[in-house]
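The form predicted alone is given below as one chain in structure tokens.
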Amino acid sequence: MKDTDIKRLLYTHLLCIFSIILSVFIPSLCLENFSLLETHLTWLCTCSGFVTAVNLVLYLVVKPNASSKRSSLSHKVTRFLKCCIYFLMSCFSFHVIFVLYGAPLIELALETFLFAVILSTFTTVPCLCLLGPNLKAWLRVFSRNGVTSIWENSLQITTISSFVGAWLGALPIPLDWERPWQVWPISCTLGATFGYVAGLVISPLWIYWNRKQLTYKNN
């Protein structure tokens, strides 16, 4: 494992973190009364768009899983459409899971769905960028000892940390603190965001710390 690969991973993750920072500051310059809490749904859409765009650009530029075979235009279009379908399926699946775990079924349906969108942005979009619409590859990466690169290692960490952050963010909701950020799903989306950022910071550091012990099949 080369240190340059770890540095490239770190720079990529820093740009992803920067995209989240931009999603907070740029809309506040363009939209009146924009804030993270007062216009939370607007921020969710903005953050999802920024993070998705940066992920797409970075993976197109960095190409961590570049293939030696040149695919046709029809193959690329089909792959893109499949990725869009997978993303929508992820959003609807998360929405159903949230409702089953106690989220309002009808009253706050838009809020619940946008929470599903932002969580899919933090988890499903990186998987689609790195692995494509390949369920076998997804199962391999998230199984024990199934990763074949540092990029897949970081994908594991950021995905798990996003889920953990979302789960921890739900804990304060039932408490009678009567804080503005306890309104569904603000604390959950903030928890998922902090979890995603934590994963982006931790994964390169963890990989660098364990670089001598990590071995991959394709190395």
Partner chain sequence: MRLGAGTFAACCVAIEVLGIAVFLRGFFPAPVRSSAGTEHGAEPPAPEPSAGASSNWTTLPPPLFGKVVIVLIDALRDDFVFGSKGVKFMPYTTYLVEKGASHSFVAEAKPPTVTMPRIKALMTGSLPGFVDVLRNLNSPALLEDSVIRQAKAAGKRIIFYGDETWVKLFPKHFVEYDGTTSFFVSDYTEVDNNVTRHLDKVLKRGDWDMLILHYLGLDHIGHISGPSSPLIGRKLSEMDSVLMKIHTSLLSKEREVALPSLLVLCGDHGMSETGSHGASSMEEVNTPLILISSAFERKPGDVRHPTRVQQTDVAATLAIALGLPIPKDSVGSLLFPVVEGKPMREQLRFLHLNTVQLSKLLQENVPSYEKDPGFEQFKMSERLHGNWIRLYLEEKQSEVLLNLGSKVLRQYLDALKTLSLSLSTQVAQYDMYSMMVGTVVVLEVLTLLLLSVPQALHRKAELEVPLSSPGFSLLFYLVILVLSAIHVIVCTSAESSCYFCGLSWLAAGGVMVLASALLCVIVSVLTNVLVGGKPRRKNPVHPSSRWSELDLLILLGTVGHVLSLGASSFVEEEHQTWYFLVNTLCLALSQETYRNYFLGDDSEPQCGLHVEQGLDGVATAWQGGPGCDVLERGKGHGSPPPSEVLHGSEKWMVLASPWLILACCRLLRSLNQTGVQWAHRPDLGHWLTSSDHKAELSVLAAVSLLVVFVLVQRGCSPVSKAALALGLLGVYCYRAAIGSVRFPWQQDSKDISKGITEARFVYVFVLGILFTGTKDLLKAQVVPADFRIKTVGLWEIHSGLVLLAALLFRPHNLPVLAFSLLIQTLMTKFIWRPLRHDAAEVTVMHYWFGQAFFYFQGNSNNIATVDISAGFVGLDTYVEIPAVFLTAFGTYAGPLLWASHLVHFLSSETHSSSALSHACFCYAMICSIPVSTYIVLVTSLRYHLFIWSVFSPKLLYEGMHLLITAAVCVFFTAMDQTRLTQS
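Treat the numbers as computed from the prediction; the structure is a model and nothing was measured. Residue numbers count along the first chain shown, from 1.
The next section is about a form of this same protein that is not shown, the form predicted in complex with its partner chain.
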Please determine, with the chain shown alone, which of 174-182, 42-50, 22-30, 190-198 has non-hydrogen atoms within 4.5 Å of its partner chain in the model of the complex.
174-182
Is Lys76 a contact residue for its partner chain in the model of the complex, using a 4.5 Å heavy atom cut-off?
no
Consider Phe87 of the chain shown here, and say whether it contacts its partner chain in the model of the complex, taking contact as heavy atoms within 4.5 Å.
no
With heavy atoms only and a cut-off of 4.5 Å, decide whether Pro104 touches its partner chain in the model of the complex.
yes
Answer with yes or no whether Ser72 is in contact with its partner chain in the model of the complex, where contact means some heavy atom within 4.5 Å.
no
All of Ile6, Thr12 and Cys129 within 4.5 Å of its partner chain in the model of the complex, heavy atom check
no
Where, within 127-146, is there a heavy atom within 4.5 Å of its partner chain in the model of the complex? Residue list please.
Leu135, Lys136, Trp138, Leu139, Phe142, Ser143, Arg144
